[in-house]
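Just the one chain here, the form predicted alone, laid out as structure tokens.
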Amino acid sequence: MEKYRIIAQRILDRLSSRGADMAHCSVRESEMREFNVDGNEFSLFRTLFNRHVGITVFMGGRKGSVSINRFDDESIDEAIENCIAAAESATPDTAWELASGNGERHFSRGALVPDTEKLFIRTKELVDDIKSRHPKIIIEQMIVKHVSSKGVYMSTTGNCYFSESGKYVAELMYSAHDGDKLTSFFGSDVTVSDLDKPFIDCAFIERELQDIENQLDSAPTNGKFQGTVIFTPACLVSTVFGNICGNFVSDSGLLEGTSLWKDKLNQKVADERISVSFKPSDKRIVNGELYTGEGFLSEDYDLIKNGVLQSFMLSKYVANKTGNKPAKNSSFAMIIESGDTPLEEMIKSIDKGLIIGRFSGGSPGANGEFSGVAKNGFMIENGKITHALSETMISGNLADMLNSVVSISKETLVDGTVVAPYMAFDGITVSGK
């Protein structure tokens, strides 16, 4: 670790001598060992090495940033000059702020040293499991890898964070084929800190593979109706809460004043059964964030608790600009609390509706209105799944949906990056042929 300290300290000393008011830099090395599978067959094994130096300087309220992938003196000197030049051409702003006085910290997490042999065994096992359990699935591409990283973050404001981490990641892209019939692509992934379990038993990989096989015989919805839609956990995170965060509680919405929730702090914005947190220290999150880009040590926090908005997702910069408090971390380690209804019971309670695994559409409007195609979905009628869907549109309003919750599942997806249940919302418009 000492070599990273020497490089970082040299950068900060050079910036200070050039008149920097404050500065921070990150010096890191990473290694990735990766198996690739294409068309159900192994195609590649490789080891990749990467170096990263990120430099940010503030001079007279002006910010400049630059990053490079080399450690030699000449490259670093050039990067320092480019960083200063970027700051000199920027617009002054008094809202910039870095954390101060945290001193030296050391962090170590996850599988630092890869077990490459076992990783190969688990990868081959996953390929074999898919072939035997789901013979209609074609693996378009699978990447299974171990990623390790080590380095230091230092600032002129008295922070020095040494960290090292390691994790295993499996990423799959696949489709189902049966004669002339085929489905669209679907992706599954999981991040783990050990190889104790077969990959197919992690997260919802087994269930997602089965769902895609069941998509081979699909039919469109007839007509237009308002009904109940169940979002699978991954779709719930990306389509519902991902867009809610982007539109209603993030830097841009608050800074530009377009957020529907800009005046809703400590007020009810959702059904009381909804609680959403960002918890990088949760044991179900693999290698969660340790500190923010501004150098603040990451802490867990609640976004929504029992339906009440507890916090915005703001950087320190935007918090200073808007007079709000910054978020306690800048990660997306989302934890959505589960409910008390089994998924099977959720389905049984629906007279007419859908369950969807993916959504394809443009970004929602500032008011939360959205419209797009329901992908990897199934029709629900009289409490039963009747058929897979094709050519089906859904539309609604994100803010309204949070107050139209029908049920939340006991089952939860735990994929190493998020924890989330199934969630059913009423009053969504479904349009077919």
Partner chain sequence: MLKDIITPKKCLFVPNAHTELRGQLSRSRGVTIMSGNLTGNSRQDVSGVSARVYKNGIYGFSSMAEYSSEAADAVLRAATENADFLDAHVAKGKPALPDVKSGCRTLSEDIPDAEQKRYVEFARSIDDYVAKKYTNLASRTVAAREDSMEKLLCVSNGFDAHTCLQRAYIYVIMNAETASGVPVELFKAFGGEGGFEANFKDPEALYPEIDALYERLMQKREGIYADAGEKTVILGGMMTGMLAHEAVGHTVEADLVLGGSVAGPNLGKQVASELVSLTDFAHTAFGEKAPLPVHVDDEGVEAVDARIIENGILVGYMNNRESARHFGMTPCGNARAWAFSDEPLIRMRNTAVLPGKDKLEDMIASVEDGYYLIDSSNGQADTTGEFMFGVSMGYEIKNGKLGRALLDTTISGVAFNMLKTVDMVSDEVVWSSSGFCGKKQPMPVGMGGPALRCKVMIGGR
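Every value quoted in this text rests on a predicted model; they were computed, and no experiment measured them. Numbering follows the first chain given and starts at 1.
Separately, the form predicted in complex with the partner chain exists; it is not shown, and the next lines address it.
Comparing 198-206, 135-143, 104-112, 343-351 against the partner chain in the model of the complex, the single stretch with non-hydrogen atoms within 4.5 angstroms of it is 135-143. Taking 405, 366, 388, 399 one by one, only a single residue has any non-hydrogen atom within 4.5 Å of the partner chain in the model of the complex, and it is 366.
When you look in the model of the complex, the only residue of 317, 161, 261, 332 with a non-hydrogen atom within 4.5 Å of the partner chain is 317.
Contact check for residue 384: no non-hydrogen atom falls within 4.5 Å of the partner chain in the model of the complex. In the model of the complex, the partner chain sits beyond 4.5 Å of every heavy atom of residue 328.
Contact check for residue 301: no non-hydrogen atom falls within 4.5 Å of the partner chain in the model of the complex.
Residue contact check for residue 321: one or more of its heavy atoms lie within 4.5 Å of the partner chain in the model of the complex. For the three marked residues, 66, 96 and 432, a heavy atom of each sits within 4.5 Å of the partner chain in the model of the complex. Residues of 74-97 placing a heavy atom within 4.5 Å of the partner chain in the model of the complex, in sequence order: 82, 86, 87, 89, 90, 91, 93, 96.
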